[in-house]
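Next up: just one chain, as structure tokens, the form predicted on its own.
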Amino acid sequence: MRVPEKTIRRAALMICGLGCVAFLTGADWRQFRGNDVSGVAQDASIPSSFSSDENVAWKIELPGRGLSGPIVVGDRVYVTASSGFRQDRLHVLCFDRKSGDKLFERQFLATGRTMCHPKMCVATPTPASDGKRIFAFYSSNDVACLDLDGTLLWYRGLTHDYPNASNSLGMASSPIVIDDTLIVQVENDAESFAVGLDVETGKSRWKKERPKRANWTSPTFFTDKESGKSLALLQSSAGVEAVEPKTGERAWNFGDGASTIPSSVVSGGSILIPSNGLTVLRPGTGAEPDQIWNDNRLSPGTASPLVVDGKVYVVNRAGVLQAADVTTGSLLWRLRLKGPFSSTPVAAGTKLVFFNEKGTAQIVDASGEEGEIIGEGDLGETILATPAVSGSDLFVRSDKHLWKISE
């Protein structure tokens, strides 16, 4: 049977319309620094200025405390929190992206230690998602897996299995999902390890001993363009170890040390590591990757580096933003910002968003030869979490609220 041309055109217009709707609602932001752990939303467009009552679509009060960033899956926003005198009440909350209505809240009792530095809290790691499930990890070494509607699928109290794993200052490493494996770093001065968990069952696929030193960095991943194969990158004071996500087997190792606070970032075929300033590696066929360049002037403070359009951006401890050529390390420009910073910056197109601890955002236009502050946004609350960017929306988590910033 021949389909009339008019019907074909109508169907094509419907498909195009659905595609436009999908684009307008924005892409997912499924883990710390987004799906690809880059912190970049290339096609996003957000306001250049905002305040506690300007360009705020909604503002939701959150229970207890939390430094974990929000994640976006479809038309929902997920965030974690911890409450109670000992912060032993663990929360997973889900909100409607458009209206801010709370869709569900699940609570669990921590099975591990909840001692933290006053600046931190138990809900510091950002949750992760594979698009079907939500993985919430806490400083108490508890891992909860829920489906997108909040049904508990499995729960792991890692302190039960490894009782000496603890950090009296609190854990901050955020998990990542690679294919069907959830990778979690539990690194401290005692029983220090990384583990790969089956996303469906929560069972351990592998466990690796790690350097016995407090570490707040988050794992990331590197994907080889030719083979399409991904490796998990585990950063610690000893350096960066690349492992097979499903088995934990080592692929290569960089053993020249690295920071224990800001995390590495991957751009193209290169890995930028906060090590002796900033060190750029390119994995090859050998047991060790090739070092492309190193510059001790490009030393990040707490915030992780950001790479956008061939430039790497680093905020040092003095609050100075430095931009350098990602291929050579040549310094391009500097710009002083109002600090201090704990939140890692994100990019929405050519706009770079830097939230300081006092709750003030500085929007930097990075499209020209020099960086320029084109706007600010003051939310008036402590912000240490890294925001999420999706379409025309910026989701920000302060110590007390979840905000949706949108024109």
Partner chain sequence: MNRMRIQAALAPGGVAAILFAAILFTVILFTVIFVTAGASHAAETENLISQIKAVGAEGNGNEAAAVAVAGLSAGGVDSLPEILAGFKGASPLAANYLRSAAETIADRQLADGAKLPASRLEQLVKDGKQDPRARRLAYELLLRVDKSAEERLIPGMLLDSSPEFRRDAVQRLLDQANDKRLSEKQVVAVYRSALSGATDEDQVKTISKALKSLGEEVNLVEHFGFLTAWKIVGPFDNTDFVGFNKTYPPEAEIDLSAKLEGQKGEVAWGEISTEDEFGIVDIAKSVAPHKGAVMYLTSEFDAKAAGDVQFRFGTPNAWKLWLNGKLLFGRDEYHRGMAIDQYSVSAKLKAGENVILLKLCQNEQEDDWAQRYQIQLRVCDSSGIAVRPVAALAAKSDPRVASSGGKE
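Numbering follows the first chain given and starts at 1. Worth saying up front: this structure is predicted, and the values here are computed from it rather than measured.
Beyond what is shown, the protein has a form predicted in complex with its partner chain; the following relates to that form.
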is_contact(residue 328, its partner chain) in the model of the complex, heavy atom dist at most 4.5 Å: no
Close approach of residue 282 to its partner chain in the model of the complex, 4.5 Å, heavy atom: no
Contact of residue 214 with its partner chain in the model of the complex (heavy atom, 4.5 Å): yes
Contact label in the model of the complex: residue 166 to its partner chain, heavy atom within 4.5 Å: yes
In the model of the complex, segment of 301-309, 332-340, 199-207, 315-323 with a heavy atom within 4.5 Å of its partner chain: 199-207
Full three-residue contact with its partner chain in the model of the complex, heavy atom 4.5 Å, for 60, 97 and 132: no
In the model of the complex, the one of 152, 251, 261, 148 near its partner chain [non-hydrogen atom within 4.5 angstroms]: 152
Interface residues of 84-118 toward its partner chain, as seen in the model of the complex [heavy atoms, 4.5 Å]: 85, 86, 89, 105, 106, 107, 108, 109, 111, 113, 115
